[in-house]
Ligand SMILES: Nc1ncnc2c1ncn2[C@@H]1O[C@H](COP(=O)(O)OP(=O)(O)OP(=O)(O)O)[C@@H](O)[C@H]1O
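Listed next as structure tokens is one chain, alone, in the form predicted alone.
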């Protein structure tokens, strides 16, 4: 049986009682270069350590075998055989991939990663703004489909999202693209915030099934992955 999948962030993993639980949809969102893909790879590595496969849907073209080898080190050969990579080229192909997930997933799978769920959606809106309503509806349907797959197949579904600026009078906040859709369907939400040090990220567990108040920790992006660090 698949156990919770550790993220490598001790504070978050402890609150989630061992990491991201199966049968749930989780969301990691943040600006560029905040370690979202690295954290997703790290989850795939920790899934493989439990002898389960990961289906990694790379919508951004940012998956790097070299980066995976840096994180996995001597385990790379064994780990890489347990990560299946798919690369949709546009939002229509992303739709097909998600609709056919049940054809790909067997009992040997423990994790599905969609990185980044909203990039091809955003590109489609930029090209066809008149289709925004239908594209929003389709994104909502995809999230509903992922939530159903997580429950019925007893696996972890991990999505990542880009951010947009939200202007509210004098305040500027950062939200995931398609905020309402993602926040509605995600059981667990982790925000990745940059700091003055480009190697240090502030991770905030904003939503979790335990209903614990938001928890914050600092992560350091290193060659061997992304790890919790103490800030004095």
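Residue numbers count along the first chain shown, from 1. Quick caveat: nothing in here was measured; it's all calculated off a predicted structure.
Below, we refer to the form predicted together with the named molecule, which is not included among the displayed structures.
Of the residues given (70, 179, 195, 50), 70 alone sits with a heavy atom within 4.5 Å of the named molecule in the predicted complex. Partner proximity in the predicted complex, defined as non-hydrogen atoms within 4.5 angstroms of the named molecule, places exactly one of 202-210, 60-68, 42-50, 179-187 at the interface: 60-68.
In the predicted complex, the named molecule sits within 4.5 Å of a heavy atom belonging to residue 34. Although the partner is absent here, residue 15 sits far enough away that none of its heavy atoms falls within 4.5 Å of the named molecule in the predicted complex. Under a 4.5 angstroms non-hydrogen atom cutoff, the named molecule in the predicted complex lacks residue 94 among its neighbouring residues.
The named molecule is not drawn, but in the predicted complex it has no heavy atom within 4.5 Å of residue 142.
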